[in-house]
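Just one chain follows, in the form predicted alone, and it is written as structure tokens.
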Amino acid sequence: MPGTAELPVCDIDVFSPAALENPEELHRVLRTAGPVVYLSRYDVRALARHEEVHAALADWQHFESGSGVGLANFRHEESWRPPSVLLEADPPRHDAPRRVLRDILAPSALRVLRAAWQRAAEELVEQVLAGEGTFDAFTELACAFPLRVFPDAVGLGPDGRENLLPYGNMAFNSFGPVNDLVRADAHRVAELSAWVNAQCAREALTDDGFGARIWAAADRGDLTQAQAPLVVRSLLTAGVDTTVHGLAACLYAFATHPEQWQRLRERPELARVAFDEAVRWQSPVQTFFRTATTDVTIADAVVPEGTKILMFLGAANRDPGRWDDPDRFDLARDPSGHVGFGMGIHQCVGQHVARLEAETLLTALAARVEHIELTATPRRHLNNTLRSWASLPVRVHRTR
């Protein structure tokens, strides 16, 4: 292929079950091979080092999202759903939706939610601790809390929330190749898409949530009426799974690093640092694609215009060229600069929401739990894009 002769070649299937289950060795292979690697199975270039991934994420002019952030190229293929006006769009189409959502989800705007979310976190922790102290932290904490507070904040009704995680799983799977993971969801595409689309309509939303504010922005002319439901859908697609698996990463980190749990208990103000360090360490979003808008040079390698580029966020976040002892979860580390939320104009606009969810849940848990330990080997849920969980069995020791 043009532009591949000078590149190191990797013929590993990076979307195989083995690679998705345990990606760390693949990441080491790719980082060691070079700054740009040719993935022969998929005819794409790969970036796995922090410097190149960070630079490509920040350079939307040369690495566009509008051709799709998955393997499919929207220049030549039609998506199974309308492309996201945030994740799969570049300026100028990206500007108005991003600006509206940035203002709605700004830290100052979220302060009104803090007290209610803290109460909800404390109630959930007390509910979980009322048992014998052994439970599945994935389902009973990492899933339960976001699915309780985030749909309320968006303005969803109580029915059908169990569809949010399956829809997100389906959406993130679709960014990879059409493999068994995608085919397993095929029978639910129409059903889940119809449900999510229905929740984005103005009449389906309460009048005091994020969704109503998005529709109000359309009424003011800050968005078009056609864009409004797509912006709401972006919230529902990207705002649940990533937070769920980020929280699960936190709980797994503390169960396997008990000294860090004690550090958090002594200094609860480290809860947000803990969440960012867990996102760096486990990278719930493992990969995203971009497309070269022109012939572009990356570390002396020329990537031809129209080429798909697979960025390994998880590999970049454990790059020893950027981080000391990167495989260790450490609250003494400054994790800022990780690319787990992306970078540049497409950086996750809801990251402050996720941090607030994590902060309230972790501080509630730290106030009531002395120690967290695994009772069995955690199970992963494979996804083409996400570092997902299926089960996180733990035992907790209460403070009182």
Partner chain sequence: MVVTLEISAKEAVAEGVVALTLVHPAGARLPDWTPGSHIEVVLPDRTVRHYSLCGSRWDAYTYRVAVLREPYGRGGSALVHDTLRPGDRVGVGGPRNHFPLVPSETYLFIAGGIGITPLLPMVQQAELLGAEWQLLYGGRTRASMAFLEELTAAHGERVHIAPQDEVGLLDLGSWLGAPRPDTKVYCCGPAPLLTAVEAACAHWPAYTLRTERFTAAEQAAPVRDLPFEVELRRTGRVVTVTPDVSVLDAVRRVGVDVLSSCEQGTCGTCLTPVLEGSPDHRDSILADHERAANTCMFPCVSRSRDDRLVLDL
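Positions refer to the first chain, counted from 1. Just so we're clear, the structure is a prediction, and the values are computed from it rather than from any experiment.
Missing here is the form predicted together with its partner chain; even so, the following discussion is about that form.
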| query | finding |
| --- | --- |
| All of Leu165, Thr206 and Ser388 within 4.5 Å of its partner chain in the predicted bound form, heavy atom check | no |
| Residue contact check: Leu39 to its partner chain in the predicted bound form, 4.5 Å heavy atom | no |
| Distance check, Pro91 to its partner chain in the predicted bound form, heavy atom within 4.5 Å | yes |
| Contact test in the predicted bound form: Arg220 vs its partner chain, heavy atoms, 4.5 Å | yes |
| is_contact(Leu181, its partner chain) in the predicted bound form, heavy atom dist at most 4.5 Å | no |
| Segment that reaches its partner chain in the predicted bound form - one of 280-288, 187-195, 123-131, 104-112, heavy atoms within 4.5 Å | 104-112 |
| Contact assignment for its partner chain in the predicted bound form, among Asp95, Asp295, Glu140, Glu77, heavy atom within 4.5 Å | Asp95 |
| Heavy atom within 4.5 Å of its partner chain in the predicted bound form - residue from Ala33, Ile345, Leu331, Val44 | Ile345 |
| Residues within stretch 33-63 having a non-hydrogen atom within 4.5 Å of its partner chain in the predicted bound form | Ala58, Asp59, Trp60, Gln61 |
